[in-house]
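This document starts with one chain, in the form predicted alone, laid out as structure tokens.
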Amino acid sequence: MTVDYDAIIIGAGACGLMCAAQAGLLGKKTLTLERNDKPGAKILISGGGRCNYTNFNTSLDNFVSQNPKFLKGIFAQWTVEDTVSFFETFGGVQPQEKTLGQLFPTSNKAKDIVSTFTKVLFDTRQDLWLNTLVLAIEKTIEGSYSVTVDRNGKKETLITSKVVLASGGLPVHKLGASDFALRIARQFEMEVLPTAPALVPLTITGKDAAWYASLSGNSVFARVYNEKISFEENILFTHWGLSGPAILQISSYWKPGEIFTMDLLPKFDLQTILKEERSRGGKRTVGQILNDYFTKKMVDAMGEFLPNNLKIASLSKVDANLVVETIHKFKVKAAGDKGYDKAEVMRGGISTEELHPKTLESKKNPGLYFGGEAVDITGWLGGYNFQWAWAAGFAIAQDI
């Protein structure tokens, strides 16, 4: 069946919904296909249902990609200010800034973001089919695309001139995540870079596992870094390893077998603290000093590595260096990560070399567009991935 749409959009997530909304505002007509029974499933659970929908600090430096400069042409078209204005204008969403430039709706309700889209789609008469699984996409002899779907158990084939793949990446399976966009890209002979979970908790196994587990529930403000990047935010010890914002951030730059470092006291200089204590007579013990900055549970656990019961006056130079190095340069060798179902996003994906930098259209396959998580653009934690998705949806909508 040939359909009278400017494009068929696959996936009613962040990128797909923005693409449909912007197309509608331009007077175009789209059909969005979504396998779930409601649009914006991943938006609705983001930020614990509060939705950190963009970030004031957005720049190319906040993204992991083989070619982050690819974003220049997209972000030139759609800025953070455009995002704020769009949701204010069409959804009445007022922004509130929290830590590190993160913007949330003042209502703290992700559903206000999704309802903005459903309102625009309704007002501009865009079509949205829910409970619709896309089975295949093929090129027709005439140069159009056939899209075969299973809609509520009934199979049908749609013919259209343009298809937008906004079906996301591999996290989170229970929300219908799949590698569909990656498979279609490979089918049409486009390069797909290796993928992995990103913004994901890390696991610790072996002889160190029990030590981390003993600290489960303890949160510490830390600087987590490797030779490439550094993040200062909270870490969270868990019964299986490490989580918390700083760990999620570093996970996007980490590979199995690599070691990274945690400064557990980044706002203080422990060497100076020990010197000052020594100048006052050094009667306090190492453990008492550490109790000023950490929970008792944390200090007791650190006693496995440090001479907690020694008075500072009795501390040798070697022991003093051990205390400073352990607290400021704590080495972590994670065994793995918690996988796609615990990951916020996927890293890797469709190579940006395959796409036009202003329209996200496939260079090899005119009329085929890719945006959002399936592309090799992965943002930091803090609303950056949403900003990329909104901008991608806008850019594609201008061209379809």
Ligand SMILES: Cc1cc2nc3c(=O)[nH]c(=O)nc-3n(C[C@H](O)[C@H](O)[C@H](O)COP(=O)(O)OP(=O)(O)OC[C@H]3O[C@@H](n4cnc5c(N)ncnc54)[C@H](O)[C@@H]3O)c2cc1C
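Don't overthink the numbering: it's just position in the shown sequence, from 1. Remember, predicted model here, so these are calculated numbers, not experimental data.
The same protein has a further form, the form predicted in complex with the named molecule, not shown here; the description that follows concerns it.
- No residue of the trio E233, P245 and I289 has any heavy atom within 4.5 Å of the named molecule in the model of the complex.
- The candidate stretches are 66 to 74, 353 to 361, 330 to 338, 37 to 45, and the one lying within 4.5 Å of the named molecule in the model of the complex by heavy atoms is 37 to 45.
- The named molecule in the model of the complex is approached by L133, whose closest heavy atom lies within 4.5 angstroms of it.
- Shown alone here, G176 lies within 4.5 Å of the named molecule in the model of the complex, counting heavy atoms only.
- In the model of the complex, V224 stays away from the named molecule, with no heavy atom inside 4.5 Å.
- Put simply, W240 is far from the named molecule in the model of the complex: not one heavy atom of it is within 4.5 Å.
- Interface residues of 137 to 167, taken as those with a heavy atom within 4.5 Å of the named molecule in the model of the complex (partner not displayed): A166, S167, in sequence order.
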